[in-house]
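We begin with a single chain expressed as structure tokens, specifically the form predicted on its own.
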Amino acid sequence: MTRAVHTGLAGIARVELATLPTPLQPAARLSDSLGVPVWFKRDDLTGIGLGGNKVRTLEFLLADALGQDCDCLVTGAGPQSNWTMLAALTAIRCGLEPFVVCYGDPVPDRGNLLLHRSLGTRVHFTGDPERSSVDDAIDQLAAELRGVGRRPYVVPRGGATPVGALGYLRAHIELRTQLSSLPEPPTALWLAAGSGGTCAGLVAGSALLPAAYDVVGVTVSRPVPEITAQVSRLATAAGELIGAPVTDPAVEIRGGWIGSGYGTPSPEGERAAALVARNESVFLDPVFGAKAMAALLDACRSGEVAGPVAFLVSGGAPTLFAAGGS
């Protein structure tokens, strides 16, 4: 199976964007305060822009876009989306013009929106506060672009497609190698689960190339049943793309940490982020990383997690400088 997975991935086009491998670092002071060994997988250090997990996703998506001879990229999310900013940044690098759709009404240029302005990204607002309004607006904008002779590559929120999930199937192989050198490797990898693509790639990787750790997602956006089904679907489809079927993927999603809503910082997340910053000099974004860390801290303090554990630091630095959500 190992050879089949590597061969299958090698057959899928990828644009090299990220600085890899990203570090796996011991969080020594945090570990001491919790009484549990904690490791950070630093995917905030992927080397493009201000870093972030979506760079791995975009390596495969942009290669697919170039393979289809597209001349622009259309995607969307919230006004402070790290995903859309990195999608625009890397699209430009690959010679594609980015178009971004945001839900709601125009807001001041802060955080990721300020970075979009510096890039010259075409940003459109739906005028509807519902996040799902982005989906139809993306399709409508793509149709308008086709009508004037453009060739858009259309990507849903978060880059959550089977092709995009390959970025973290590949990351699983990287992390598996890093953990194999440790005398006592982590038994679980915790991460925030939003659109589901990152979690799906890791789940697919774990199913195809078993490692010492379980994948534990903490939903920061959707109800647990919805994101569980999304991750399972994407993991299965990602395996199909490389000719390595994923049968009944094991998906573990924790709920209860969204707070008052997606995109809004939670008190628990703010406390967790402050603890990590003071102890490890690592900033967690308030929308994803901070809430997932709050869940992990609770599990450690309650005694549920006693052995070594890893945490995916997924980036999102621009949201530290903007009020509101992704």
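Just so it is clear, the model here is predicted, and its values are computed rather than measured. A residue's number is simply how far along the shown sequence it sits, counting from 1.
Note that the form predicted in complex with a small molecule isn't included here; everything after this is about it.
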In terms of non-hydrogen atoms within 4.5 angstroms, which of the given stretches 181-189, 241-249, 100-108, 81-89 touches the small molecule in the predicted complex?
81-89
Give a yes or no for residue 314: in the predicted complex, does one of its heavy atoms lie within 4.5 Å of a heavy atom belonging to the small molecule?
yes
Is there a heavy atom of residue 194 no more than 4.5 Å from a heavy atom of the small molecule in the predicted complex?
yes
Does at least one non-hydrogen atom of residue 56 fall within 4.5 angstroms of the small molecule in the predicted complex?
no
Any chance residue 60 has a heavy atom within 4.5 Å of the small molecule in the predicted complex?
no
